[in-house]
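Coming up is one lone chain in structure tokens, specifically the form predicted on its own.
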């Protein structure tokens, strides 16, 4: 169907407004990170820096600097916790989703899994804190990986199940007729077809774990386990706050998810769209 001129103008205007609404905070964050302290505190505000200051990025990437040690340590911890939790969640979610989709596993169990992520995180903090404290596991990245894996598993299972539901079951039946086992069929038949769904699930799960703040704040206390969201909050502590440093940390913190999204962009849309239809 051919759109009218008015409909086309309205559509592109809405897309432009959405783009500006999405990119404006990121652009301002970048401008703050390269602005001098005088520009950031000037009245009226300087929307464009008089001079470009990249020294903050140099300090953040320098292990000999206190701010660099904090940032790079938090970056390492975030990569380990988000990456490890995403990997564990996917390893468990794929066979679980296949069981719910193809082997008649009780959907009541799936809904029970989903109900756990509807509860506010504060309800789990006290028992988890007592358990991990008794085990001597507080302030460890391993603890965050366990908590994040449990948090991601219901979401990853549900998303993978909705995508496996739309895969043609006849291909699997043909494999079974040739004598293939369930494990072989899942590994060699289902997984290649579900690759876009796996990429989309991986991306979304990584983002959820990467941005998580509450559990990381409660279960960590120093640089050995603190993640980036908590470290960014620490940069704002103290009597004097350098908002340019906080902006620089924010810019650098967006790079890993952005790189991951660029690498998997062709899978993400198809993976999410595949689970929205059935037939």
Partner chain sequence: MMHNMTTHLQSKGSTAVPSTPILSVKNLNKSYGDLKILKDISVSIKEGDFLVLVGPSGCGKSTLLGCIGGLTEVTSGHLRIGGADVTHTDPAKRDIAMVFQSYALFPNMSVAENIGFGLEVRKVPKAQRDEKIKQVAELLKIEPLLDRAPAQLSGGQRQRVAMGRALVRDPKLFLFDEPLSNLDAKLRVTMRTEIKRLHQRLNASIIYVTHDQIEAMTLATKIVVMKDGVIQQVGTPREIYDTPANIFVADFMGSPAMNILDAKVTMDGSVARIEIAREDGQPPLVLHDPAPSAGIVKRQGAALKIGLRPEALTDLGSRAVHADQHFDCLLDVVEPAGSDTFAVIRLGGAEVTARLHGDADVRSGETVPICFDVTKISYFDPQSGERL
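Positions refer to the first chain, counted from 1. The structure presented is a predicted model; accordingly, all values stated were derived computationally and were not measured.
The same protein has a further form, the form predicted in complex with its partner chain, not shown here; the description that follows concerns it.
In the predicted complex, no heavy atom of residue 166 sits within 4.5 Å of its partner chain. Although the partner is absent from this view, residue 108 stays clear of its partner chain in the predicted complex, with no non-hydrogen atom inside 4.5 angstroms. Using a 4.5 angstroms threshold between heavy atoms, residue 72 stays clear of its partner chain in the predicted complex. If you take 162-196 and check each residue for a heavy atom within 4.5 Å of its partner chain in the predicted complex, you get 170, 171, 173, 174, 175, 176, 177, 178, 179, 180, 184, 188, 189, 192, 193, in sequence order.
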